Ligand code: HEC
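Coming up is one lone chain in structure tokens, specifically the form predicted on its own.
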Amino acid sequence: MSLKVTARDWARLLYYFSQNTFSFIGVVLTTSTAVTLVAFWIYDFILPGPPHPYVGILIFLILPGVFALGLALIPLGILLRRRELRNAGQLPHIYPEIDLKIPMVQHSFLFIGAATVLNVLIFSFASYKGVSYMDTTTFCGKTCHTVMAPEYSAYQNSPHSRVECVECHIGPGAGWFVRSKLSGLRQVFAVTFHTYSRPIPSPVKYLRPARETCEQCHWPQRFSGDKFIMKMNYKDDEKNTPLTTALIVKIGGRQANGSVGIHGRHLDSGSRIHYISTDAQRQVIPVVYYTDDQGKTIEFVSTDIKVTKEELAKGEERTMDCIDCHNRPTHAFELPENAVDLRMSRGLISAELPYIRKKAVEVLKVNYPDRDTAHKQIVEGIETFYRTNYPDVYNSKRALVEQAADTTAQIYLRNIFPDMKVTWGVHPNNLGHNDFPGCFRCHDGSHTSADGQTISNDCSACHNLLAVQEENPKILKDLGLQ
């Protein structure tokens, strides 16, 4: 049978069976949605910035879904029409002739052919735009606003606030892309039926290894040298007396003088460190395995953490990577004292206001019923304190009082989300050891090997302390910083 005859027979069949309600509805849906989609895409192109998340869902997810439904209804209607005629015994042996010499028939087939090509292009572009939109920060952070509000708030105030969520949570490659979308379906159902966890569990259980995400930008083996850090704290006295801590952190890899810094010791290319944790947040680490320079693996067992063999067998065994210390690199939440000290060091809360450090921390620690009430009562609490106890200060420095009150309220709103049960300290931060165990999960002096070696808890192993909570440290004058 020639190609011409085959094409003629198929054209007759499709033309005959396409005369049905479902196919007509499909044509209407596809055509109307296509026009709407193109109009929205033009609007999105000229829009100065990302669309509202719910508008984005309409443009990039719902309308393409309706468009695909319309396309699916056309062949579905043809199949149903054929089944109906076959069951009724009315299926013809020879389908009606189609005279291609008739201009109307020619125009119809030209229109169908052009519409098919256009539909393929629209569907392809809609699929691309839909996938691209689901990879945006707007979609990740704002669509499920109640669930993601804490994480999105922390993200906006992080060093990675200009890095797209997918760069860290998915990374390159099709495999993890597909895996993330399947995980996303589960999350959609959890949000729909309100079965999601409060707060969102941390750490993420199936997060992609840091070697494939973090180290696309940060390469531990290339870190070198030491880092000077100066941190300001303030006393709870009337003068808000500043206290300075200065230290040099040995962040580098292997140095020319033979010393080894933090990243070189923990993230050497030989995957030196493995550990077993027995709790969901990886805060309890009873066993650490370390491979030394000669390739010998040493087991360090904690004498303070008492676990049974069964508990140890059920624990999570991990190869240490970036996330074990930098476990909140983007979604970090503050503690009241640290947050107030940071704003004071930046001048957002003026140290000229008597007792402002003490008062700000005090109002932040109150258990408010909701965020709106917290904002109102924090501002009122600070302003009332100065109106009542320091009327002269309030009158002469009212702008500073109001700024301090608003900044303190913003600290609360940035960190506390009652609906998601996110309160002070709910997410441990393993970087350092002042606020949470952090480094001391392993460097506690109790992890000992069979031959008597102990994981060091000597301060000088990781940093040199130049000044600790000093009012006027000499080192700042020596460095010309004061």
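All values reported here derive from a predicted model rather than from experimental measurement. When you see a residue number, it is the position in the sequence shown, counting from 1.
The form predicted together with ligand HEC exists for this protein as well; it is not shown, and the discussion that follows is about that form.
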query	finding
Heavy atom within 4.5 Å of ligand HEC in the predicted complex - residue from 380, 311, 402, 167	167
Contact residue in the predicted complex, from 130, 354, 242, 203 (heavy atom within 4.5 Å of ligand HEC)	203
In the predicted complex, segment of 403 to 411, 280 to 288, 70 to 78, 365 to 373 with a heavy atom within 4.5 Å of ligand HEC	280 to 288
Heavy atom of residue 334 within 4.5 Å of ligand HEC in the predicted complex	no
Touches ligand HEC in the predicted complex: residue 339 (any heavy atom, 4.5 Å)	no
Touches ligand HEC in the predicted complex: residue 418 (any heavy atom, 4.5 Å)	no
Touches ligand HEC in the predicted complex: residue 198 (any heavy atom, 4.5 Å)	no
Contacts with ligand HEC in the predicted complex, stretch 146 to 167 (heavy atom within 4.5 Å)	148, 151, 152, 155, 159, 160, 163, 164, 165, 167
